[in-house]
Structure formats: structure tokens, C-alpha cells
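A single chain, nothing else alongside it, follows as C-alpha cells in the form predicted alone.
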Amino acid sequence: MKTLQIGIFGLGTVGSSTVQILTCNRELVERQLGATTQISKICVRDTGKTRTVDTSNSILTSRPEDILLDPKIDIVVEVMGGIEKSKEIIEAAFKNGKHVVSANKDLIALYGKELSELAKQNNCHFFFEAAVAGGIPILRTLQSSLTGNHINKISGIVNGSTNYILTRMEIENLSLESIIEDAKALGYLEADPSADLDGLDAARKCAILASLGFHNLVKSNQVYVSGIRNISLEDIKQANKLGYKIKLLAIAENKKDGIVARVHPVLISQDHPLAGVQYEFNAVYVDGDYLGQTMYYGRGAGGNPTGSAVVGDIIALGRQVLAQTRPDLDYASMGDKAIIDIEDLDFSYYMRLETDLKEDQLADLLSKRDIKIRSIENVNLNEETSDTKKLEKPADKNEFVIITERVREKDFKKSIEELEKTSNSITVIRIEEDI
């Protein structure tokens, strides 16, 4: 029976889980492969570091060439993170005839097309299911199961860290700032949480989903991005009263005149399936022309879900290697659609603002700017407003929560510029009505 030799770069959270799954579920993996497996080498920076998995058989090395130049190793698994060094390793693996599995979303979002082409040039397979949504098999679904459909829209909660924070804010009545340290302790946030809180992580995943789903290259720098730092507990409460939930969504739309790719907080109806996705869970909602709407749900963060996706790729790739098939999963069959700017889209908006204007004055100002109001509420007059909040607010200031009718984003931004002159504070969140 053939033995597939595996070399792994990285033994952090995901790498350790990958090794554990390959070891503990060895019989299951090998039965599905029809071959035995062996982890030949694991490349790490510090071979003397204490590990959570057993490495007593001296498979650790700090020399990349021990994997890249070993002719016996069939599959290289890259779970070390980072971009430039990982790119060099994957390129070297392909040039040495080795197949690659990667979980590196940052790298794939930037160089997915380039690396896929290099893999094909060297007759190598390149799988990266774990780069998006952890254990949810969404990428291969887009690459194979749904290829008979034109995908119209992909919407998803693809960052478990921010979803965890927003869930706890709502359920436990906590501020965003008070949850951050807990999220770090649980491993949901890095020491520098910017990639998660500012939406950058989700934007990279959005670029990958759009590229694969629409067969059109979308780069991460073409994704509009805004994070959750300005979302307050008060906004979550007001949204709930209006029948909405606040979620950070990655949204990609395949329109006739171009592609939309955006990541930002939205208000979605409490009845929508994505509204019920809580804590660190991810979900991706796909709309196909014949399939209709489907949702893929599961744990999107952490070592075990991501490690599960990595091992799934190893098995799928191993089958291709054993069958001696040629690579057939492109990063995308590239079209040439333009990227549509978010300023050319129409939204309804939620606004919460503090102003010295009266309700009729505020409505008149918005009307003059062609902003139609769907609903308006003076929060000062709401009986549920806390006494503390009343005391903090100047007596001559009014706080309003407004829902607008749909309006072009660039026109709305001009109106906000004028509103800001009359307001001490203003929060604006788009309402997603088309999912």
C-alpha cells in the first residue's frame, strides 16, 4: 500500500490540531485515502519549545529544505501564517513537485491566482479550504458542488471573533471594550486585534469567496471594509427594538454591470437565518440562480475546526495524487468584470444622533437633501431610557433614532456632512434588506 509522506510548516494552534487529527483519526483517514500516511517532518522556528502534541520521535526541524528538498515527501501543509515567507515556501514546494495544502487566508487573498497558476505549471494540486470559515466546507462547495449555478450573492459571518463580541454585547449587556480582553484570553483575538475589529480579516475572506464564487478575480484591496469599533451597546438595543440584529457581514454580489465586495456592520432582520448565528460561529449564505438560497453553518475559528478543514484537504488532495489526476481546481476562471464602488449602491440607513434640532427641523433638513424618513423616534421621550443616560445628556439636546428609505450612498454621505454640523455625535449603520 502506498504511503503518503507529509511535511508540515508551523506547529501553532492549527498545526497542532492538524497533527492531532491525523494521529488520533489515523485509521479513518487512511481508510478513506486507501493509503497509509506519515508525518515525515515538521518545520518550526524553535525545535526546543514545549509542544502540545507528541514530537518525541524527532520529526521537528528548523530547516525548510529538510521538507522542500526531500524527494519522499508528497504533500506540504502550510499553517505557519504570514505572507512573504509562506509564499516563498509554497512556491518552492511547487517547483520541487510537491502538492500543497494551506490555511493562509492573507496569502490566498493576495496571491491565490498566482500560486494556483504556478501549481498547475508544475502539475501540482493546491488546496486551501481552511482559509475561509474554518471547518465549514464552503470553498470546495463553490468550486465543485455549485458550479452548475450562476452565483448571484454570497453573504456571510466569516469572522468568529467579531461575532463573539457582538453576541456577548447583546446577551450580557456589555460594552465592546469590556469583552476584548476576554476574547484575547480565549484565543479569539490576537494581542493586536485590528485585523478582526477593523474588518480586515473578513475582507480577505470576502475577496476569496467572491473570486471563487463569481469566477472573477477580486483582490482584498478592492473590498470596501469597515469594522465594529463604533458599534455601541445602545445601537444594539435600538436595533433590537426595531426588529433587527447588528452583524459584521462579508457581502459579495455578482451584478450585470460588475461585482460588489464589501465588509461592514449591517442591520439585518431578526427573522433572517444569519441573525441567529451567535458567538464564534460562522455562516455563509449563498444565492444561486437555480439552487436558490442555502446556508452553510459551523465553527469558523479555533484550532480544531480549522485543523479539520486542513485534514479534509489532505484527504481530498491525497486521492488526487493516488489517482494521478491533473490539477483541476483553479483559484478562479477569471472574468473581467469591474468592481462597483459602494458609493454607487443604494441602502436604507439606521442613524442615531444627538442634536439641538427639533424633530420637524431634522425632518426638514433631511427632506431638503432628498433623504426620506421611514421612521423617527425621539429617544429622550422613550420610557426605557435609563435615568443615568438622561442625566448625562444636556437638557437642550435631543437624541433621535432614524430609519431612512433607500438612497444612493454618495448622496447620503453628503447629507451626513451637513447633519454633522448640527450634531454632537452621530452613528450610521447600513440596513441590509436584500438577503
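The shown structure was predicted, so the numbers you read here are calculated from the model rather than taken from an experiment. Residue positions are given as counts along the sequence shown, with the first one as 1.
The form predicted in complex with a small molecule is left out here; the points below concern that form.
Shown alone here, D196 lies within 4.5 Å of the small molecule in the model of the complex, counting heavy atoms only.
In the model of the complex, at least one heavy atom of V158 sits within 4.5 Å of the small molecule. When contacts are judged by a 4.5 Å heavy atom cut-off, G300 counts as touching the small molecule in the model of the complex. Heavy atoms of E78 never reach within 4.5 Å of the small molecule in the model of the complex, leaving it off the interface.
Put simply, of H125, R262, K105, K247 only one has a heavy atom within 4.5 Å of the small molecule in the model of the complex, and it is K105.
The partner is not drawn, yet in the model of the complex one stretch among 350-358, 146-154, 212-220, 300-308 has residues with heavy atoms inside 4.5 Å of the small molecule: 300-308.
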